[in-house]
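Here we start with a single chain on its own, the form predicted alone, put down as structure tokens.
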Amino acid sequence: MITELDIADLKKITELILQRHGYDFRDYAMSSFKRRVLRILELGGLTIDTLLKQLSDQPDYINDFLDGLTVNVTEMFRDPGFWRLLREEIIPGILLNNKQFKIWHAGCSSGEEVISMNIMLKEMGLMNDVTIIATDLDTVILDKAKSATYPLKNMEVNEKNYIRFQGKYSLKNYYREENGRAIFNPELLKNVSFRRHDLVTGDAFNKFDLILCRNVMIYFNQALQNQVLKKFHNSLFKYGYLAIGTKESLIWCEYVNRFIVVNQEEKVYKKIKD
């Protein structure tokens, strides 16, 4: 079993992935990247050499690698105070100047955040007024998000979050149970476009009133955080909002002076300068 990876090993992996597949992990936080590669090696019973061979010789293996590498632990209405802030302050703030608005879920993972957003918007009577783009690096996890189907065992914590969010009903109003799975109403995704997008190499696109990228940038080093924040800045309308994870910070980023803090606890910012 591989118990250690050195910098040379990690460099070989990142360079091969960049050259062969076009994904750039060179500026990911190396401690996190290293832990996840070690996990991939352990679960797959691989050595460094066999991993490199599979990445080089098996084009489809990159999908399995990305699925093992990306962080896909999430919940519906995670951090309920954040969702109450969206409902009571952020969305009303957007509506002061817009009847129609656009949201980008960057790094949407398996889609729980997207479902949460549309449940909230539906309860606010706004679902038909919003266009949502949901993106992720990992095409396997995007397919899971599109299915809006989750293990029924996950619904207990999701329901607790929804109750703390102070939703109008119960999450059970929005899904049916089948074979140990919670299958959400497809209508909840009717305004959502799922796309593969790489925050590292992908371009800024469209203009949005609200971007959510929560618990993603924590895995980037400082240089990449700067690069991604610039991308978000360019993708926001002036006075648009950016939400990041509660353990993340923009304080050291070069573009931070183009935003103001809306809520420090929930890490919500507003773009004030182009």
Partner chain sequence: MSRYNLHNSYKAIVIGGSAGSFQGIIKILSQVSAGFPLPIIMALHRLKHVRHGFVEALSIKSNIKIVEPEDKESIRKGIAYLAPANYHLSVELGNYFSLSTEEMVNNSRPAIDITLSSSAYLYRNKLIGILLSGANRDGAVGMKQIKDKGGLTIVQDPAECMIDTMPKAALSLTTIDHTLSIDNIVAFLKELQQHYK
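Keep in mind it's a predicted model, so treat the numbers as computed, not measured. Residue numbers count along the first chain shown, from 1.
A second form of this protein, the form predicted in complex with the partner chain, is not displayed here; the remarks below concern that form.
Asks: Kindly indicate whether Leu16, Lys53 and Lys231 are, all three, within 4.5 angstroms of the partner chain in the predicted complex, using heavy atoms.
Replies: Checked in the predicted complex: no contact with the partner chain for any of the three.
Asks: Indicate whether the partner chain has at least one heavy atom within 4.5 Å of a heavy atom of Phe208 in the predicted complex.
Replies: No, Phe208 is distant from the partner.
Asks: Counting only non-hydrogen atoms and a 4.5 angstroms cut-off, does Asp129 reach the partner chain in the predicted complex?
Replies: No, Asp129 stays farther than 4.5 Å from the partner chain in the predicted complex.
Asks: Would you check, heavy atoms only and a 4.5 Å threshold, whether Asn215 touches the partner chain in the predicted complex?
Replies: Close contact exists here: in the predicted complex, Asn215 approaches the partner chain to within 4.5 Å, heavy atoms only.
Asks: Arg26 near the partner chain in the predicted complex, any heavy atom under 4.5 Å?
Replies: Contact with the partner chain, no.
Asks: Which one of these stretches, 131-139, 195-203, 89-97, 75-83, sits within 4.5 Å of the partner chain in the predicted complex when only heavy atoms are counted?
Replies: This holds for exactly one stretch, 75-83.
Asks: Can you name the residues of 236-267 that have a heavy atom within 4.5 Å of the partner chain in the predicted complex?
Replies: Heavy-atom contacts within 4.5 Å come from Thr246, Lys247, Glu248, Ser249, Trp252, Gln264, Glu265, Glu266, Lys267.
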